[in-house]
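Coming up is one lone chain in structure tokens, specifically the form predicted alone.
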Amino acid sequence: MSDEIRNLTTASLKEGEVLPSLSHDVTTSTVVLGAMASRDWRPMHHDRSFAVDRNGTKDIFMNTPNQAAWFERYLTDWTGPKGRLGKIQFRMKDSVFPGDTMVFNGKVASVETDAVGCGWANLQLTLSVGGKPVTDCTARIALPVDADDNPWKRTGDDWKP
């Protein structure tokens, strides 16, 4: 993804459109800081000896809230500041370890405007490591319908994720 700020609108999206990839090299710090940020003190996310010798994994591994945060970053990098996450669901099929390179990819499954005028993009996303999908994700994110709209200003009955 580029460093330019995007101001994506639903009018500019098409079903099947492919999102730009996001790649990130995972370090021990990536895993440990993510666990700390989510107050997950379970040792398999920071103690290599525990993870390997007691749990039988190859190293410490990324926890669920950390993966969720990376999916959210991927989405908001793509949408720009007016993208507002409505719902995210994912299924972890394998672990992410230090030394892995995470690659996020996605595509637009559908674009719609709800009854109160809020624009939505429904997305299919994948986190892969070494070309192997390790987490599948679906997301629903609110986007402006035009340059004058801002989903962050929707409240009460006007916000129905």
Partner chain sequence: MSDELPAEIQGWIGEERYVEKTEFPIEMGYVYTTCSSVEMGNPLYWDEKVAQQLTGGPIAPPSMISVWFRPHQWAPGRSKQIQPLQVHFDLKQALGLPEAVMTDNTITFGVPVRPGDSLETAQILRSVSPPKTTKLGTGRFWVIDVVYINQRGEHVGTESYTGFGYKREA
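Numbering follows the first chain given and starts at 1. Quantities reported herein were computed from a predicted structural model and do not represent experimental measurements.
The form predicted together with the partner chain is left out here; the points below concern that form.
Check residue 37 for me: does it contact the partner chain in the predicted bound form (non-hydrogen atoms, 4.5 angstroms)?
Yes, residue 37 sits close enough to the partner chain in the predicted bound form that at least one of its heavy atoms falls within 4.5 Å.
Evaluate residue 64 for contact with the partner chain in the predicted bound form, applying a 4.5 angstroms cut-off between non-hydrogen atoms, and reply yes or no.
Residue-level check for residue 64: yes, a contact with the partner chain.
Since only the chain is shown here, I'm wondering whether residue 112 would be in contact with the partner chain in the predicted bound form (any heavy atom pair within 4.5 Å).
Output for residue 112 is no: heavy atoms all beyond 4.5 Å of the partner chain.
Give a yes/no on whether residue 12 approaches the partner chain to within 4.5 Å in the predicted bound form, heavy atoms considered.
Taking the distances in the predicted bound form, the answer for residue 12 is no, it never comes within 4.5 Å of the partner chain.
Any residue of 31 to 55 with a heavy atom within 4.5 Å of the partner chain in the predicted bound form counts; write them all down in order.
Sequence-ordered list: 33, 34, 36, 37, 38, 39, 40, 41, 42, 52, 53, 54, 55.
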